[in-house]
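In C-alpha cells, one chain follows: the form predicted on its own.
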C-alpha cells in the first residue's frame, strides 16, 4: 500500500510515535506546516502545542517543559535557529533532552523563504558559545523523516542533549508517494528520572566524564536546581577551575566517547569503483539516482549517504577515502560538509565538490557530469 505524503507529515508522525507531548514553535516557512500539524495532533494524545510569540520564547518553553517532565520538540528554519542560539547553549549546559527540527531554506538573513538549501550544516554545530558537540541527523527521504525523528528523541534521552533533525524545504513540502512499509519504527527509551522523594542533590553527575545521569524533574518532592552558568554536580554556580574543567570535559566526552551509538550511514560500495559519491539530505536522492544510471551504463561507482552529520561519522568516511582515489561530495551550499571530508582525506585522495546555492536542486546529471 502506498500513500501521498511529505516530510513534514512524516516528522509529526515520528514525534507522536516517539512519545512527544509538548511542542512550541513560531510560524516560519518552510517549517510552519509542522507547527500546524503538531497543534492538531498534540491534544489528541494528551499533549500541549503552543505557538510562541517568537522563536526565543518557543525554545525557552520547550526547555522548561522538558525539565518539568515533558518530551518536547520545536521546529524552525535558519533565521529561527539564529534566534534559538543562546537557548541551545542553555540546553547543552543544562543537559536538556530536546529535539529541534531545522527545515533549511536559502540564506543568508531571511534569504529565500520558499527556496531549498542546505546552508545550516555548520551553523547548528558551531552556532552557540563554547563549541561543544551536538547531535544532528539528516533524513534523505520521507520515510527517513519519520525514522530519524524517532531516533532523535531516543538519542536526546540517551545523552541528555539537544538533537537536531536537518531537513529542507523540498523534502518537507513536496508531496511524494511512499510505501507505508518503508516507515521504520525506532524504539525510544524511557527517560531516566530521579524518583520522587529521592535526593536530587546532584542533578548533574559527571564523574566519570562520559556519565549521563538521571534527570531531576521540577514538581517532584525534592528541590531541583537548574542553571545556564558553569556549575558543579549539585548545580551550584562555580568558577573553580577543576570543577569547571570537569563539567566541560563531560559535555564533550558523553557524546564523543560514545560515537558508535550515534553514527548512522548507508554505504553502497562497489569493490571495483575508484570513485565514490557522498551526500546527505535531499541531495542524497539525486546521488542515488546517479549511481543507478552510472551502473546501468557499466560504470562502477560507490556511494555513502550520511544520516548522522554530527558528530562526523569519521570511521565510515575514512573507509570510503581509503578505498577510493576520488570522492565527490554533493550539497546545496558552498561546501560546508566537504570541508569535513577534506579534513580526513590523506594525500593523494582527491575530494571534489558538487555544489549549488542558487535555489535549485542538484540533479543526477550534475553528479554524472563530474563522474565523466
Partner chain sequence: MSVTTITTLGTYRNDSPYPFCPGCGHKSILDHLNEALVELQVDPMKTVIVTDIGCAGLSDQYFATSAFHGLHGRSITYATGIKLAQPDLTVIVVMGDGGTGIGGTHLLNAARRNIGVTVLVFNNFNYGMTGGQHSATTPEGAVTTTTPGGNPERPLDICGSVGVNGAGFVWRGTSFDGDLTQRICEAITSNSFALLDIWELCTAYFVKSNQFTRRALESTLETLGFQTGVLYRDGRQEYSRALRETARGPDSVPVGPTPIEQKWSASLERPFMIELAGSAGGRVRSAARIGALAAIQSGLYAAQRDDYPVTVKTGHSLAKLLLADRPIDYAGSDRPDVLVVLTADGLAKVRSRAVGLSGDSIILTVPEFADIESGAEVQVVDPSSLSDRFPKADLGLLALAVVVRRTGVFPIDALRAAAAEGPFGESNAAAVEAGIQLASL
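Residue numbers count along the first chain shown, from 1. Here the structure is a predicted model, which is why all the values come from computation and not from measurement.
There is another form of this protein, the form predicted together with its partner chain, and it is not shown here; the text below is about that form.
Student: Each of 158, 302 and 357 near its partner chain in the predicted bound form, meaning some heavy atom within 4.5 Å?
Tutor: Result no, not one residue of the spot touches its partner chain.
Student: Its partner chain isn't shown here, but in the predicted bound form which of 253, 92, 246, 224 has a heavy atom within 4.5 Å of it?
Tutor: Here the answer is residue option 224.
Student: Considering 217, 275, 82, 259, which brings a non-hydrogen atom within 4.5 Å of its partner chain in the predicted bound form?
Tutor: Here the answer is residue option 217.
Student: Quick check for you: of 318 to 326, 339 to 347, 303 to 311, 51 to 59, which stretch puts a non-hydrogen atom within 4.5 Å of its partner chain in the predicted bound form?
Tutor: Contact criterion met by 51 to 59 only.
Student: Even though the partner isn't displayed, in the predicted bound form is residue 40 close enough to its partner chain, meaning a heavy atom within 4.5 Å?
Tutor: Residue 40: yes, in contact with its partner chain in the predicted bound form.
Student: Hey, in the predicted bound form, is residue 109 touching its partner chain, heavy atoms inside 4.5 Å?
Tutor: Outside the cut-off, so no.
Student: Does residue 169 reach its partner chain in the predicted bound form if we count a contact as any heavy atom within 4.5 Å?
Tutor: It does: once its partner chain is placed as it appears in the predicted bound form, residue 169 has a heavy atom within 4.5 Å of it.
Student: Closest heavy atom of residue 76 to its partner chain in the predicted bound form, within 4.5 Å or not?
Tutor: Contact with its partner chain, no.
Student: Taking its partner chain in the predicted bound form, which residues along 276 to 304 bring a heavy atom to within 4.5 Å of it?
Tutor: Heavy-atom contacts within 4.5 Å come from 285, 286, 288, 289, 292.
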